[in-house]
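Below sits a lone chain in structure tokens, taken as the form predicted on its own.
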Amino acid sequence: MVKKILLSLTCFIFILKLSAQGNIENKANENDLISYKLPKLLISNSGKKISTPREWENFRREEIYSYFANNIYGIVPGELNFQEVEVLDFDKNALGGKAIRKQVNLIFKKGKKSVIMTLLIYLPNKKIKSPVFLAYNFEGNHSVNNDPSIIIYRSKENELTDEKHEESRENKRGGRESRWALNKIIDSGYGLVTIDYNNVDPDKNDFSDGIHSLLYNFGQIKPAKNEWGSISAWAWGMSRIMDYLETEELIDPKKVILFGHSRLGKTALWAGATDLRFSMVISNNSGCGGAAISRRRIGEKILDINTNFPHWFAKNFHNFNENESSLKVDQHMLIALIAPRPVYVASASDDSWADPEGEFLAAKEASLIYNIYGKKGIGIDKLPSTNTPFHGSVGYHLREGKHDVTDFDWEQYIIFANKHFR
């Protein structure tokens, strides 16, 4: 009797395993059968075939850019430059003497409102202009490194709240150090310019604060449907920092590399498409609305992102919830807007929410415009194995691991920068 029960249990478990395996295979088959049709990168809206850099720059690029600006990220409704630069700190003996540390406030004002963007800058301690990585951070400049001299930003509007949480912030000093590989960056001859992205626009569904409020018309309380969401505002902030870097005698303004992770990877791509002064763009695990093809509908989808983060994109982007196929563009075209400047897309093997294969395919499809410029795009057809980077004018790697930034990532970005700058 016992033997019969054990035999029955064994059979039952075996059937469960087969069923589970069948579900996995069915999901795999579903993925294999994903059907979508990408809009043509090199065919204009009127049907004209684009075959030269001049045709791209004078005609097709503007069509694509305008569509992204009005329907996805949102246009910036005006101009505003910083009125004041306040140097907070300058130390030629940072990081044990091998780096210069500089901390600067860029102050923007309009009427009675103001926004302060606090930059943290580390540069190699050398008598030459340095190339730099420009990147937002998520949790404050003090989270980037355990340097006790990094100033913890306190906004005037929230002084009481900031005092209450200052100890908590102090405990976060160096808390994201593993993501920045600062010593590796400095030792390789590059600098780092970083700022908390919340300084430009707080990452919440509230358009009454941050930089948006300085550019409203009278009586306006939120952006128009085709105007900037937070990602476009953060991209705008990158350009205003670039304005400052062009005046900084220690930095080579022709070698400013935009870097961003996750939502800030989306930001880096849009900033790079918008501002041609950035010499290179790096997107790390940017996913939906970043490097991943939207029409694949794998991982995070447009509906997900507009529901969970309704402030990131223009209100017009919500028209494409569950309706990706009606877009006249897709993310390969966003990457193409950066051409012929080098661009790098990176994915992580365990980051299915960001759709690594969709990121790879977008970079591959964008390579068509790089080829027209005589540049080396991605020359492989299938998602590469983990930790096997491709370094052309379009770079790509699938790194083993989770949604994060690691030393392996930084090693590839430095190699990629060296390839194009040196």
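Numbers follow the displayed sequence, beginning with 1. What you are looking at is a predicted structure, and each value in this text was computed from that prediction instead of being measured.
What follows is about the form predicted together with ligand GTR, which we do not show.
The stretch among 298 to 306, 129 to 137, 70 to 78, 97 to 105 whose residues place heavy atoms within 4.5 Å of ligand GTR in the predicted bound form is 298 to 306.
A heavy atom within 4.5 Å of ligand GTR in the predicted bound form is found for one listed residue only; from 180, 207, 312, 259, this is 312. Across the proposed site, 56, 61 and 332 without exception lack any heavy atom within 4.5 Å of ligand GTR in the predicted bound form.
Within this chain, residue 212 is remote from the site of ligand GTR in the predicted bound form, having no heavy atom within 4.5 Å. Although the partner is absent here, residue 263 lies within 4.5 Å of ligand GTR in the predicted bound form, judged by heavy atoms. At the 4.5 Å threshold, heavy atoms of residue 353 reach ligand GTR in the predicted bound form. Residues of 384 to 403 that come within 4.5 Å of ligand GTR in the predicted bound form, judged by any heavy atom, reduce to 403 alone.
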